[in-house]
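For reference, the chain that follows is the form predicted on its own, supplied as structure tokens.
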Amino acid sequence: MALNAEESGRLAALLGGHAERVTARWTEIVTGSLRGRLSQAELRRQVQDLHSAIATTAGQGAIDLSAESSGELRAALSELSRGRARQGFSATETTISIFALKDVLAELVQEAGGADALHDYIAFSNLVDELGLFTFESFVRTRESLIADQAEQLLELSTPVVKLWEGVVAVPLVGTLDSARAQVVMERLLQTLVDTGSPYAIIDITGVPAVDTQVAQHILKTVVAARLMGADCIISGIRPQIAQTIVALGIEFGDIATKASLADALRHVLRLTGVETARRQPRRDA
């Protein structure tokens, strides 16, 4: 329990009796730490919301941040953390916005004086520490969630499945192919095969820097999954270095068609579908 009923009552009276002064001074202190990255109007609104939540909770009796009665206070702190995380502020900048309340309370308690002044300030300071810790943890959870969402979006963007021709789709792979990305490749390829009804898929590994046993296994699993959907796969982008590595590792692609380039793979598929292709003749000057 952060504050007992008697301490909470004195805090509520202090915040309620100097509401305008508290929000103004609190906003002033926080402004310096944010270096103008947040407008005065927005910052003042945040401070007023926090002030209201703390004063309301304190006026209800003892403050226990984990109790149901502190739900409004937890919500205000969480909202501050989420907003700051999305705006690109650091955890330190966000937590300092809470700790700044200590300076305001120190001024008020000193002016009020009394036998309980020191005791009250220590109790209030401990409460602010607890609020700051809760805010820090909320910020970290939000930031981790944002990072996870962005990583998932980047993963999807880095594994596009494109329609090259009627009945032909391609998956141009760039970068390292790990288990997580291989799963995304497989899911997106299979879904595209279903959506387009394409009987052929080209997996282009020109942008894959190296092919080891693990990468080869991921590619083979994708090919097998596509075959179960009724589509044949052609692997393109087999450069000389990769070919040597595959041979040295003893990896066998079996009856899977492989081509040196994406263009060769596309010509191969077009021949399979009965489409005639002709190489462009060099222009001759008259």
Partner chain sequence: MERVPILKIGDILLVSIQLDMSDQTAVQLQEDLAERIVATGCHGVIIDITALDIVDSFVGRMLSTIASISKVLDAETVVVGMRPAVAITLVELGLSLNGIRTALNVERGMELIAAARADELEYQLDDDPDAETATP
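Here, rigid core means the biggest group of C-alpha atoms that superpose within 1.5 Å across both forms. Everything numeric in this text was worked out from a predicted model, so none of it was measured. Residue numbers count along the first chain shown, from 1.
Separately, the form predicted in complex with its partner chain exists; it is not shown, and the next lines address it.
> At 4.5 Å between heavy atoms, only one of the stretches 253 to 261, 24 to 32, 53 to 61, 216 to 224 reaches its partner chain in the predicted complex; which one is it?
Result of the contact check: 216 to 224.
> Work out which of 87, 176, 206, 191 lies within 4.5 Å of its partner chain in the predicted complex, going by heavy atoms.
Only one listed residue qualifies here, and that residue is 191.
> Out of 103, 129, 116, 187, which one falls within 4.5 Å of its partner chain in the predicted complex, going by heavy atoms?
Partner contact (heavy atom, 4.5 Å) among the options: 187.
> Would you classify residue 197 as touching its partner chain in the predicted complex, given a 4.5 Å non-hydrogen atom cut-off?
Taking the distances in the predicted complex, the answer for residue 197 is yes, it comes within 4.5 Å of its partner chain.
> Indicate whether its partner chain has at least one heavy atom within 4.5 Å of a heavy atom of residue 228 in the predicted complex.
Within the cut-off, so yes.
> Answer yes if the CA of residue 230 moves 2 Å or more between the shown form and the other one after aligning the rigid core, and no otherwise.
The answer is yes, as the C-alpha of residue 230 shifts between the shown form and the other one by 2 Å or more after core alignment.
> Superpose on the rigid core, then tell me if the C-alpha of residue 166 is displaced by 2 angstroms or more between the shown form and the other one.
The answer is yes, as the C-alpha of residue 166 shifts between the shown form and the other one by 2 Å or more after core alignment.
> Does residue 139 count as moved between the shown form and the other one, where moved means a C-alpha shift of 2 angstroms or more after fitting the rigid core?
No, the C-alpha moves less than 2 Å.
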